[in-house]
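This text opens with one protein chain seen in two forms, each one given by itself as structure tokens under the names structure 1 and structure 2.
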Structure 1
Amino acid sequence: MIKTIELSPGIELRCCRDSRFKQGCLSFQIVRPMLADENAMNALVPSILLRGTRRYGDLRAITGRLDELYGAAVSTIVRRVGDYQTTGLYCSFMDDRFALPGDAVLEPMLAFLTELLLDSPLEDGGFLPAFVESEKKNLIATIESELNDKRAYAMGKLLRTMCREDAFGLPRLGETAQVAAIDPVQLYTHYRKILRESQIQIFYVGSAEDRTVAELLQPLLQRLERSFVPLAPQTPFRPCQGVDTVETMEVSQGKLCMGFTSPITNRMKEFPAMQVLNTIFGSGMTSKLFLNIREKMSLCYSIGSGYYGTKGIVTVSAGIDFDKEEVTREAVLRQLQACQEGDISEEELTAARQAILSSLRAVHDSPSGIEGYYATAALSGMGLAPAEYMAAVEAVTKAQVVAAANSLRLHTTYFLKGGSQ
């Protein structure tokens, strides 16, 4: 069971008390509206925080301190959740029950997290230039590596085109030019601003009581200067004119991406039916797209669909030969039409339900799984806990799946083909 405590205006602690694990975790996320003028800075901030503190001045010292904390670990968080971008740190550490007699891990871990968040070494009113320049290069390399994954690149181009009037079209990590332009003073000023104004979500998984965790967080909270600005709620897809785009690049395999819109989001009672539909339609090796278009028709090397519930967007991605674009597109639409006309067997419906249920059961298999599900669900606006969600999925009927299918409309397509630009 998740318990939520409002620590101060705009700062919430969510606790999952669970004694099954030797490891606990705690995440600290600053929640921002996805904005073109700050997404790159938000993506860069946590990497800078992990470079050092005034007491632990470099990566070697940071690692040494984590070793002292029974091999704890701290990693960066940069997530996209619908209209929001989150930036922060994720801590994994031994639960106090397994420490040596007289030792504690949670309290010194939170003290160290406070140092990482608030005690960065500074120079001339900004982060250390050496840290910033080094992490800018790493972030640019990460962004540019997308070019090597043509499937991810093509899907990114589809969403940017489809959602060009919507915050969901902005890249999670920003653009390389934006990253390159960031300077240390600008970044530190921005960080202090978002610490002051933003919603902050803290999530804990472990054996400690929620009130104990809240008390241990007080030294951190007392050092935060706050002037909270509430977030606007999540919104569905913002309508704009659909576009069909073809891009040429030196590639050996074509990438066809198709984007569909639906009014059904994860904040609606029809959400479980849309999840079941997506699974029947194209998610997994028992889906209509995989079994018919790849296996029976041999039109593609790979194919699958995805559902972005915060926005009501379903996407299809297929790896194909360059001359198979039109026939593959028509085949995808025929499989969707089959769902819309109720050509769904009981075996397909059962397999889809079981696939979703299996995924939901796995949520509680690890602290990271628990944190990832609940922290994201809270921000996305979905109010269903896994048990409620599972019950809703089990109750989905064929008629509800057909209704979900009929809510889909093709909006935008993107095709990446071979050749010189």
Structure 2
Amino acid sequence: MIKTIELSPGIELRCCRDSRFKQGCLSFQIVRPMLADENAMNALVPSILLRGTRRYGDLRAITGRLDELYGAAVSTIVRRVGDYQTTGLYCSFMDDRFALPGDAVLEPMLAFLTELLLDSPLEDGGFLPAFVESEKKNLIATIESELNDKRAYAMGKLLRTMCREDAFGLPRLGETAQVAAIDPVQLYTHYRKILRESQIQIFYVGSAEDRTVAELLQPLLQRLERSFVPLAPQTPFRPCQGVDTVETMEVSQGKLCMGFTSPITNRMKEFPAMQVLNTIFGSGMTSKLFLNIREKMSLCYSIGSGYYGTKGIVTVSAGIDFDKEEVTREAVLRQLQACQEGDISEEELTAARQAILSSLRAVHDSPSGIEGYYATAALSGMGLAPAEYMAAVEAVTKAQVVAAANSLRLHTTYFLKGGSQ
């Protein structure tokens, strides 16, 4: 159901034609390797593009245009997909059939996107300094506000420590100091370069035909001067020495994060088994972690695990009392050990497979679900088509799940607890 058209070397359009929705969406992503000397610039660029174009010179004009397009929205995309960072814009807009008679949305929307991407107002060969300074301040605020969500903050700390030898350990939006150092000319030069050299992925979901979308994108494509440099493929976790860190902060609840590594990535045939293992171990209200550590031991409200398939990392995070670190850590390891020893019931196995299949089926029920899943899957190097993938999940055996569990090694832990710094 997804059609892929190569518009020019390195530029792919993926289309999912679907008339059930009231809105369409289109994402335009420039795909970069995640690198310390450019991730902050990549994170900043899309916010500058949304500040104004030569025709729509300021935010007022931009939002006025979006209002005319029946409340369409354009937002920034800055995603991490394994070793890559993507940067670009995401448009969501009402389907043409709800517009006033004779009016259309998709065509003017794409024309407007082209302007946003290519017609930024310039000064002395750079973006407008006022836009750059103001968006730098906003980006820094966003980076620093990770601290506000203690769970996300703790998880970020764990991954950074664990992946300090790896691109995966770099913060998605860059570091505050790097953002602060960006200047408008350097940023514009960089933007021209990544537009010229990078892989570009355009993803459309909506009622229009793929050929129509491709045609509507021609004016944009004709204006790109390209010399495409292909990306290196995704790589597995790069080993380093594990570290156990404790940090104190003025909080009332502790956050324990544990990071495990495995050689199994989403590029391997064992991937579905690892996904099933992660679900049995720590995903959702029927997982071993939830049922034992929350329901039986009443140690926490929130606990769960996550599997980063691009790298082969499984993480566990729990919100607990400060004096429960040891007992929680042991309980988590005991539940993993149970999986490793094959203490997995037929019900657990079936439920885990069903949960993964259900969420895969439901992907197709919203434009953002389709875009989010397929655009990322394509970049993450996952070789399986959805139908094959679902068949593989269904075929996962207990022995394969146990083998996946036995491939996990505890690497790094991080504990955030209360007290003055």
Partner chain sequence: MNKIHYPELDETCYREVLENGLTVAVVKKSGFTKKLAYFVTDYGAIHTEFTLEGKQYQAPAGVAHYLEHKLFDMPEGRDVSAEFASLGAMTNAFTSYDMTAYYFSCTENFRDCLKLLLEFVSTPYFTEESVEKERGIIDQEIGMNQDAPDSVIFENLMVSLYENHPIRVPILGDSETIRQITPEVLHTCHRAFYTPGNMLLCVIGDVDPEEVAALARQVLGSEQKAVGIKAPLREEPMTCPRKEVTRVMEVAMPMFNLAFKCEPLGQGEEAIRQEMIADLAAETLFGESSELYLRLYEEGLIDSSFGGGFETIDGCAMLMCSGDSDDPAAVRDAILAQMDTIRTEGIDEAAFQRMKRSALGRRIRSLDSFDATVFRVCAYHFSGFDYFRFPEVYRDIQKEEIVAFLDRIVTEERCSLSVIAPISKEEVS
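Just so it is clear, the model here is predicted, and its values are computed rather than measured. Numbering runs along the sequence of structure 1, starting at 1. Rigid core (definition): largest C-alpha set, two forms, superposition within 1.5 Å.
- Structure 1, not structure 2, is the form predicted alone.
- Once the rigid core is overlaid between the two structures, Arg97 counts among the residues whose Cα shifts by 2 Å or more.
- With the core held fixed, Glu165 shows a CA shift below 2 Å between the two structures.
- With the core superposed, Arg65 shows a C-alpha displacement of at least 2 Å between the two structures.
- Relative displacement of the Leu106 Cα between the two structures on rigid core alignment is 3.0 Å.
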